[in-house]
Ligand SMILES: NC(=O)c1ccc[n+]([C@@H]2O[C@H](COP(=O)([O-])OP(=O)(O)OC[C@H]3O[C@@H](n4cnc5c(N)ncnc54)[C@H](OP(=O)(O)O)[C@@H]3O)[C@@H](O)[C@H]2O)c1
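Just the one chain here, laid out as structure tokens, in the form predicted alone.
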């Protein structure tokens, strides 16, 4: 049986779960082979075995465009799973940190406060918004941590995609009229751990939090920063050609400005997150060391 001090993470291979798993000691990550998030019984067994002090749900369906044609799969992972997990945590008296997204907003009234009305533009955002509501409705202690533009050294994300494309292209078209706050998965992991610890220490802690690295950017500005960092390291870098979102058609509509205010989580944790340029440098250092 695991230590009662264990913090249980649902999810194992995603960016956030990987960042949490890299933390030393006291974190147990469960992937699809370890637990069935669509089964209440499977989740109950997981909590009984690990006896966690808190649970972080880092599992989700995140393929934004694919969700438009896979609504049922997105609903299962983004609505049914957090509902089940919140119910099991409520029954066990264990606090839950559920990770959500800036895509619950429509991008028309940024920066968004934690209590701003949600109005998703796509299936992914809709399922994440409904998942938040389902988790909060189970009667337990739940914190929602909404994150934006998450990147890391692992998997497929904007930063790793830019580096991959730069190996074969001299120029990359990148949207310049969509704004947000880039976020390192490692910074997000630290924030989620901080919220979980605060919930353990104080039963009054809970509700909605927004987290992102400091500063803001457009996709093209972030891409330029990636290329700047690549050049410093002697890697192949491409020219970034700014284009309008209308010139880059996608299946799912995106919010044009999804910047979120992070005041509440900064007060809780007692500090502001580092600037996204610093976080980007850290992630590329990790890639260089790998």
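Here the structure is a predicted model, which is why all the values come from computation and not from measurement. Numbering follows the first chain given and starts at 1.
Quick note: we don't show the form predicted together with the named molecule, though the next part is all about it.
Although the partner is absent from the chain shown here, 11, 37 and 59 each have a heavy atom within 4.5 Å of the named molecule in the predicted bound form. Look at 133 to 141, 101 to 109, 164 to 172, 84 to 92: in the predicted bound form, residues with non-hydrogen atoms within 4.5 angstroms of the named molecule sit in 101 to 109.
Contact with the named molecule in the predicted bound form, judged by any heavy atom within 4.5 Å, is made by just one of 121, 116, 208, 77: 77. Using a 4.5 angstroms threshold between heavy atoms, residue 233 stays clear of the named molecule in the predicted bound form. The named molecule is not shown here, but in the predicted bound form it comes within 4.5 Å of a heavy atom of residue 150. Not displayed here, the named molecule is kept clear of residue 242 by more than 4.5 Å at the level of heavy atoms in the predicted bound form. Using a 4.5 Å cutoff between non-hydrogen atoms, residue 16 counts as a contact of the named molecule in the predicted bound form. Along 128 to 144, a single residue, 128, places a heavy atom within 4.5 Å of the named molecule in the predicted bound form.
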